[in-house]
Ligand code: C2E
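The chain that follows stands alone, in the form predicted on its own, written as structure tokens.
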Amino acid sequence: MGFHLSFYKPGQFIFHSGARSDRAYIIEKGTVEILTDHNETIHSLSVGELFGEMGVLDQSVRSTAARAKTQVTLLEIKPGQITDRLTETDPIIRALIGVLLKRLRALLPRNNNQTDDLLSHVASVIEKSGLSKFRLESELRTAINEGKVLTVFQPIVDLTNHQIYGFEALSRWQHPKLGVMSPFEFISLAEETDMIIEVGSLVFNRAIDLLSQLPDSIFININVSAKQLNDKQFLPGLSRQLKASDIQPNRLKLEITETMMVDTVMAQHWITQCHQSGFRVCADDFGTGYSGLQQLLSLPFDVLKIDQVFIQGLLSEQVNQILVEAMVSLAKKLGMKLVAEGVEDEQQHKLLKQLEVDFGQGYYYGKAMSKSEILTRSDRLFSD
């Protein structure tokens, strides 16, 4: 169904106070007056402005009236066009809208004929989820400032000799009430704000400190976000840190997730900048995106990390083995290294080695370790 236009003459009422809220309006032409119960003008609205939305949001009856001041043309907005988007939006936005509606309603004459719909029906849930997200953001910021977001390092093993040649740096947060938070949950939260820059700084500082105490052959992989790569000071600052610690930049590999590769031009720009600064770049979660092979052929990655979803079914699903074989063949032709993620048993390890995958990462090779654990066990962990 297409959009609907309505037309009003000067002085004609669009709706009255106490009327049912069944639509909102955008002014296409003319001027509209918003009136009190006593026909006193509260506000005048002109072309492009929205009105009547308050009642649509919570299906309350109209608390004001609207009248055409001049001849007007209005674009009608049905409730679903607003409420569907509100339902899908961030809970913080919904909470803010809910709070504002309550406050605005409190300023206007009360009406006892209100009906229930989106906000009146789920207002408490919306408000609770939105405000709890605010609270979680504050708690995460406190944890960052107090150094309670930890960094651990999961081994990356050379499949030809079973020796550790690198690690992936991972963030961990032990929430005081919720327990161990899923990295996906709190990293996603950090990425919605500038906190991802702060979390990233913690991880890079700790990784560089660890690299300075490990053999020169050892590397560390670190996930980077679009916000970091778009920060013009990020790569130069990282380069200065490494130089100050006498560490070659190729020992720090930057991981870009496949979801960040949708914009191929931007991904190419990021990779080029990283290479110019001496960093190697990994494609994380490779193969899970809708255009993985196309991206592989067009972007000059140094390393591909095969997502664990392919490794988990490697022994039981022939198609997974065929896909891994194809990845190995392509990687070798393009001069890229391969890392298999999520390796959990010896059979997977042996098959991956047979398929000539370069590196493996997963519980079979060892769980993530703290910096102190790595340094304490360094003599046993690394080959000469």
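Don't overthink the numbering: it's just position in the shown sequence, from 1. Quick caveat: nothing in here was measured; it's all calculated off a predicted structure.
The form predicted in complex with the ligand is left out here; the points below concern that form.
The shortest heavy atom separation between E255 and the ligand in the model of the complex is within 4.5 Å. For the chain shown alone, T264 is not a contact residue for the ligand in the model of the complex, no non-hydrogen atom being within 4.5 angstroms. Among heavy atoms of V343, some come within 4.5 Å of the ligand in the model of the complex. Within this chain, L178 is remote from the site of the ligand in the model of the complex, having no heavy atom within 4.5 Å. Checking K227, K78, H269, R172 for any heavy atom within 4.5 Å of the ligand in the model of the complex turns up a single hit: R172. The listed set I220, V303, L74, I196 contains one residue whose heavy atoms approach the ligand in the model of the complex to within 4.5 Å, identified as I196. For the ligand in the model of the complex, the listed stretch (139-147, 180-188, 207-215, 236-244) containing residues with heavy atoms inside 4.5 Å is 180-188.
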